[in-house]
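The chain below stands alone and is given as structure tokens, in the form predicted alone.
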């Protein structure tokens, strides 16, 4: 796949064109005398032979299982960056059509060290732990998170302090939509992409005459996912009967499930993630929704954002249920196989999509520093904007300059009817091409024309 759309970045420079400069030498601004200040004059410039990265993940709260897998992936990335282990996807990644700049000798010759924080799946706690890593530990980059509320909050902090934020698992449109920031980058896909990928599959399997009832996590990820799925399904003929918000701290969803069958809906959309989805789906099955018939149709359940960890938690309840995912360990491309092998050798089981996106973000940041020749955040920003890369498990991918969102194919999956192992729980039923999930940077779901990145901040 080649990205051929020309786009104008906020600096007024064409960031697109055929293949976005694939096969060309590094941009001249990385070597020009004007960039000499890139090596000094920025917050937490590494001193000595090491550089410190901050891994801020939910080690407690409803998304803690995803956080644990993210931390495993970050630790594996550090090993590979420092030349330990088998190198994983450093052996397969391609940057702008050429080899990665990574050599397995750290980043810019400095050994990579790391500190960790617990976001607790709470925005205030996440900002506090990120601030501590920046101010006390000298972290040059912050990455992680499994909540979009956390991601938006920490991204804003990193913008204010002058640190690069490489978002982990964050699916809300807001992260690279209305709350986009120049110092922030997201590899993970978003709510709009899930809606665009899922709608045709749902229409093909369930028809266009359906009545949907949404249960939605009461924070920004839930809101944008509900909006994206609602707009995409209503465009194909579905009717939205009701949409009810549920607290992120909720563990028993019985009181929310009970009214669904009295609503006239024949589809339940669970805009829940992590432990919330496991619990709400379990309650829905306990109330007999999967065996019900409404409006002359079998009642169906949809989970817009899926993960293997959620499927494991929900067990047999996920069988046949459609959703979308950013990546899956069963993919057969060389990069995915390399990562699964490395991760499996290290931990004894396959990685989740959360682990995958966090590992990739760590490598992309390190590569950008190498190509820019500096840790200066403005140099890193320029190295990542408009970047095309491949060999990291999702096929050809674009880091769009205007909003710092990655664009790539999206996977539609469903719970496997006859799993062959405890990890073989989801099957890929559709690889939705990137053109189908692409949108304009000023799309209304992304904040419209008023949503801008602003300028990179060096912190000094």
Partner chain sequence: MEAILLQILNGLDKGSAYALIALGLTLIFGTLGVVNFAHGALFMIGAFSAVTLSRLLSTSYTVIDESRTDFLGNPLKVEMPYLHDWFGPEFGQAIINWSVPLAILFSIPIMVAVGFAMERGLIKHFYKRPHADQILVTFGLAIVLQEIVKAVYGANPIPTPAPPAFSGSFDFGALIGFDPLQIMYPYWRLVYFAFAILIIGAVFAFLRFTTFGMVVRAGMADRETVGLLGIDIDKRFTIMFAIAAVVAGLAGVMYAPINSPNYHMGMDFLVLSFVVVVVGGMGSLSGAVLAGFLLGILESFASMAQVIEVVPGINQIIIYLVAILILLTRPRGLMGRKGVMEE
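What you are looking at is a predicted structure, and each value in this text was computed from that prediction instead of being measured. Residue numbers count along the first chain shown, from 1.
There is another form of the same protein, the form predicted in complex with its partner chain; it is not shown, and what comes next is about it.
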If we test each of 216, 283, 96, 374 for a heavy atom within 4.5 Å of its partner chain in the predicted complex, the one that passes is 283
Residue among 313, 162, 83, 200 with a heavy atom within 4.5 Å of its partner chain in the predicted complex: 313
If contact means any heavy atom within 4.5 Å, which of 97 to 105, 181 to 189, 249 to 257, 366 to 374 contacts its partner chain in the predicted complex? 249 to 257
Decide whether residue 287 counts as a contact residue for its partner chain in the predicted complex under a heavy atom distance cut-off of 4.5 Å. yes
Are any of the heavy atoms in residue 136 no more than 4.5 Å from a heavy atom of its partner chain in the predicted complex? no
Is there a heavy atom of residue 59 no more than 4.5 Å from a heavy atom of its partner chain in the predicted complex? yes
Is residue 350 close enough to touch its partner chain in the predicted complex, meaning at least one heavy atom pair within 4.5 Å? yes
Let me know which residues along 323 to 339 have a heavy atom within 4.5 Å of its partner chain in the predicted complex, or say none if there are none. 329
